[in-house]
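A single chain comes next, written as C-alpha cells; it is the form predicted on its own.
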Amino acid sequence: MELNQYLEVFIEESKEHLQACNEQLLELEKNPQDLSIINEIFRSAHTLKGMSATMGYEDLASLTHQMENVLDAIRNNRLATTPEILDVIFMAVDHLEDMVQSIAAGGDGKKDVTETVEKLKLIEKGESLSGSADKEVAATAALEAKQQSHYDEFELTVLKQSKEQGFGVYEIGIALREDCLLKAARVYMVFEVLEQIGEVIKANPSVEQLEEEQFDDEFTVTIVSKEEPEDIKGKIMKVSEVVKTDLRSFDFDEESNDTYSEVLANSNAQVEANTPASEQSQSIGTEVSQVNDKKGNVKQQTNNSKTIRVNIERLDILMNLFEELVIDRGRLEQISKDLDNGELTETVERMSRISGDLQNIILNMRMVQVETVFNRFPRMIRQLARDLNKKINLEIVGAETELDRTVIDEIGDPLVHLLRNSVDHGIESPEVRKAKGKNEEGTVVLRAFHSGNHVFIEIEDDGAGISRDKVLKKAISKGIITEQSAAGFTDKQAYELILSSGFSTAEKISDISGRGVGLDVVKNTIESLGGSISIDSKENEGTIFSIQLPLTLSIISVMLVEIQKEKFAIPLSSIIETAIIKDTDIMNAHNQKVIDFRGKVVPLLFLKDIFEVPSEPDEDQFHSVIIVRKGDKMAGLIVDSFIGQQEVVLKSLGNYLTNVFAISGATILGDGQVALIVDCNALIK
C-alpha cells in the first residue's frame, strides 16, 4: 500500500490527538478521580498508536504503547493519578509531539526516549521512579493482575448496553498448539479475525502480555458482535495453530452481581467516553456509542461529520485566482464607466455583487479559530507555574473567534511572549499574594473578540501591575527618554515604554522572560500585521495587554490618492479622516510642520518628499491631508488629491524589494496601473 498519500492526514490527525491528550491531561490534573477523562486520553493514545504502526513509525507507536499501558493501569484502578505520574505522561506527549514535528519536516520521526520509556515501565509495574520499590511485590502484583478475570465497572457498562442494543456478548477461550513458536503472531491473527466481526472488550491475559508472549498456550477474549456463535468459532478455528475454541454467552448475573447495579445508580454510563481496555479497532464504535438519558433509557449518539480536509495550499491558490478576478473586476468597472453603456453597467454591477459574495465565502474559508493558537497555552502556563513555584489559573475566553490563517500563523509567538511576561513579571508568588490579601492563585485571562473589521486579543492578569515610577526611572537610565519629557508622560504612555527595544525592569534575568529582547519584537510583529498593541495597568491590581488585528491581510479597503501622476493606496484601517487645509493652517514646531487637529498638534508628512516623487513647484494654497494613526499617535499625510475608496488585493513586492521604506506592498488597479500601498505604521514614530 502506498502510504505517502496519507502522510499529510496522518500528521494533522496526530497533532489533533496529541492536543487532545494535552488538554485532557490538564483536566485530569484538576480531577484525578474522573476516569472518563482517562478514557478520553486512552482513546487518543490508542488511535495514535494504531495510526503510527500503520504508517511504519515504530518508535512513535512504541512510546505511545508504553504511555497507553500506564493509562490502562490508572483506569483499571491499578494505579492512582499523581502529579509525578502526570509529569512523566506529559513528558511522553512532548516527545511524541517532537516526533510528529520531525515527520512533518521530512524526518524519520526517531528520538531517543529511553529514559521516558523506562519511567513509564516503572510506573506501570507499580515501582517508584527512583527504582527503590520492592521488585518481588511488583512482580506479585503483576501476576495477580494477570490472573484477574473480573470486569471493571466501565467494561460491564459497555457489555450491558451492547447487549441491550442487540449485540451478542461472548467470552471465548482459545488454545494454541503447545509447540507453537510464534504465539504473538497467532494472537494477532485471532484479534484480526475478531475485529472484522465485532469489537474486543477485554483480553485475559492483557493485550500487552499477549503481545510479549507472557502466557502459556491459552487465553480468553471477551467480544461484542452480531455474528452467530458458530460462525465466530469457525472463523477463529481457521487461524493456523489454534487447536481449541470454547465460546459461551456472557452471564451478567454471574459476573457483575451487585457491581452493575451500583454503576447504574452512580453514573450516567457514558459508553462513548469509556473505550475498552484492550480495544483494537473502532469498527463498530458508532453503533456502540450510547448514553443514558434521565430516565435511564439508552440513547444512540452519532456524529455525522460535514467537514472535509483541504490542503491549505489549495486555498492559497484559490485565493490567488480570486485576487486576479478582483483586479479584472476593477478593470471592468472602469471600462463600464468610460463607455457609459447601460446594459454593460448593469451586467458589471451584477458581476460585482456575485464576486463580492464569492469573496466573502473565500475569505471565510481561510478563517481559522484562534483556538488553534490558544490551545497550546494551558500546558505552557502549567509548566511555567511549576518552574516559578506559582499558582496560576489560565482562563480562555472567545477561543471560537476567527482570524485569517495568515494572521494566525504570525500571532502565536507574540502571544507566547506576552503570556510568559504576565506569568513571570505580573503574577506574584503565593506568599506575596497572600500578604497582599489576594487569592494565592493568580489568574491570567486570554480573551478574543470581534469588533468591526478587527479582532481584539487581550491578556489580562490580576498580578502586581506596572509601576509607573519604576518604568520611567528605567527608561531614563536607558536613555530612552529624558527627565524633562518623562514629567509630561501620561500613565498609558509610561506603560508603553516597556515595548521599547532593550527595555526590562526585571530584578534578575530568568529563562522565562526579563532579557529585554522581547516586547519590542512583539510590538513590531503586531504592527507588521497591520495591528497595534496597547497597555493598561493598575499597580497591585493587574495589567491588560490589548492587541488589535485586521481580520484579513489579503484583500483590504484603501483610500486611493494621487501624487503627481503616481497613485498610492492608504489602508482605511489607519485613517481617522480626510480634510482640506490652507497654507495658513500650517505651523512650525521643532523644525517640523504641524497642524492643530481638534486641539491636538499633528505633524505633517509630505508623501511626495518621502517617496521622492518628481514634481514641479506648487503654488496651490490648499492641501489634501489624510489624518492617520498608530496607536495613540497621529500624523497628517499631504497628497495632491483623493481618488476614492476601493477594495484592492495586497501583493508582495517580491524578494528584490524587501527594504522599501514605508511601502507594505502593491496592487493593480482597474485601469492597469500599479499603486503602492503605504505602511502608515512605518511613517509614524
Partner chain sequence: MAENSVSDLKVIVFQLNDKEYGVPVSQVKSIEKIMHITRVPHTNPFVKGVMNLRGVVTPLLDLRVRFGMGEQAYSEGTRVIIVSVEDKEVGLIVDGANDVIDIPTSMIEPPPEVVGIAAEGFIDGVANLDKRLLILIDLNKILESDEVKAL
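In this text, the rigid core denotes the largest set of C-alpha atoms whose superposition between the two forms falls within 1.5 Å. Values in this document were obtained by computation on a predicted structure and should not be read as measured data. Numbering follows the first chain given and starts at 1.
What comes next is about the form predicted together with its partner chain, which is not displayed.
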Proximity to its partner chain in the predicted complex, single hit among Leu653, Leu26, Ala53, Met634 (heavy atom within 4.5 Å): Leu653
Considering its partner chain in the predicted complex, which of Glu343, Glu164, Asp469, Glu612 comes within 4.5 Å of it through any heavy atom? Glu612
Look up in the predicted complex whether Glu428 has a non-hydrogen atom within 4.5 angstroms of its partner chain, and give yes or no. no
Does Glu230 reach its partner chain in the predicted complex if we count a contact as any heavy atom within 4.5 Å? no
Just checking whether Glu566 would be counted as a contact of its partner chain in the predicted complex - the rule being heavy atoms within 4.5 angstroms. yes
Does its partner chain get within 4.5 angstroms of any non-hydrogen atom of Asp216 in the predicted complex? no
Heavy atoms within 4.5 Å of its partner chain in the predicted complex: which stretch among 318 to 326, 350 to 358, 188 to 196, 92 to 100? 318 to 326
If the two forms are fitted on the core, does Ala20 show a Cα displacement reaching 2 angstroms between the shown form and the other one? no
Lys478 C-alpha shift between the shown form and the other one of 2 Å or more, rigid core reference: no
Using a rigid core alignment, state whether the CA of Gly488 is displaced by 2 Å or more between the shown form and the other one. no
Pair Ile610/Ile533, Cα separation in the predicted complex versus the displayed form, closer or farther by 3 angstroms or more: farther
